[in-house]
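The chain below stands alone and is given as structure tokens, in the form predicted on its own.
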């Protein structure tokens, strides 16, 4: 039997695998009773700063669900604290207490040493790798430069990103300086994760869909190009995630990632063709996980039939697992994908 780790890594490279690998974004989260039990009396920051707790949460879905990959339990805001930002993470997401709005804020940014300043992340990866062995791949991650900029400029995010867009267009030199600094941050942070044992790196650009194609191409893509060029030096495959970006699929294929993760707003085979990438990840609507399993089965098989066994497909949701997702449905879905594709 082929190890699940191998199936995942082969798919990342666009190669034939004995089954389609599957994992879920936010697969270690609030829908799991074990996670909720560990969360009692602790903040999320407390949990991801404790390597033993973080590693336990990271590896839990592999044992519980049978997925082919584990993803680091942390938050995309994690490296920003060492850079000089103060924030809290509540039910509505991160709130930055000292948003960056001017040149003084940019000059105050600190360079970080990820192995030292975020050593707890690296230790969590090392512990997770030791626990996983070859049972599953270990995915590290970071927020993308633009998405990190969205948080630290907006302070509290709104759907229209009004403050960020005004800053991006009116403070072009500051924007370039900020994105350059964040690109260096993400690169060093992700490279340190690979050095600590991560088999692959996913870059989350959760807010890229708030931009139109012209702004994305001018203000975001140059920095993504630099980032993925640097990450390729590590030898670990890279995954680029965005959502709400079906209007610029052709641009996603040019960012330089090995795998492009797509949401549910387009047929996956059509998206794959338009992007032109070697490997693709996605793209079940997360809300379908709240439906009866017959509906989940129907939509999941439609995705598998659409890609028709083409090498390079990693089955995933188009976004993160929702808190109300039944654990049993996630277990059955992993089994369905594996059985339907040859495992």
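Residue numbers count along the first chain shown, from 1. The model shown is predicted, which means the values in this text are computed figures rather than measured ones.
From this point on, the text means the form predicted in complex with a small molecule, which you will not see here.
Just one listed stretch, out of 203-211, 166-174, 188-196, 246-254, contacts the small molecule in the model of the complex at the 4.5 Å heavy atom level, and that stretch is 203-211. Among residues of the shown chain, residue 104 is not one whose heavy atoms approach the small molecule to within 4.5 Å in the model of the complex. By the criterion of a heavy atom within 4.5 Å, residue 99 is excluded from the residues contacting the small molecule in the model of the complex.
Although the partner is absent from this view, residue 280 stays clear of the small molecule in the model of the complex, with no non-hydrogen atom inside 4.5 angstroms.
Contact check for residue 9: no non-hydrogen atom falls within 4.5 Å of the small molecule in the model of the complex. Contact with the small molecule in the model of the complex, defined as a heavy atom within 4.5 Å, holds for exactly one of 76, 221, 122, 179, namely 76.
The contact residue chosen from 297, 274, 39, 49 relative to the small molecule in the model of the complex is 39, the criterion being a non-hydrogen atom within 4.5 angstroms.
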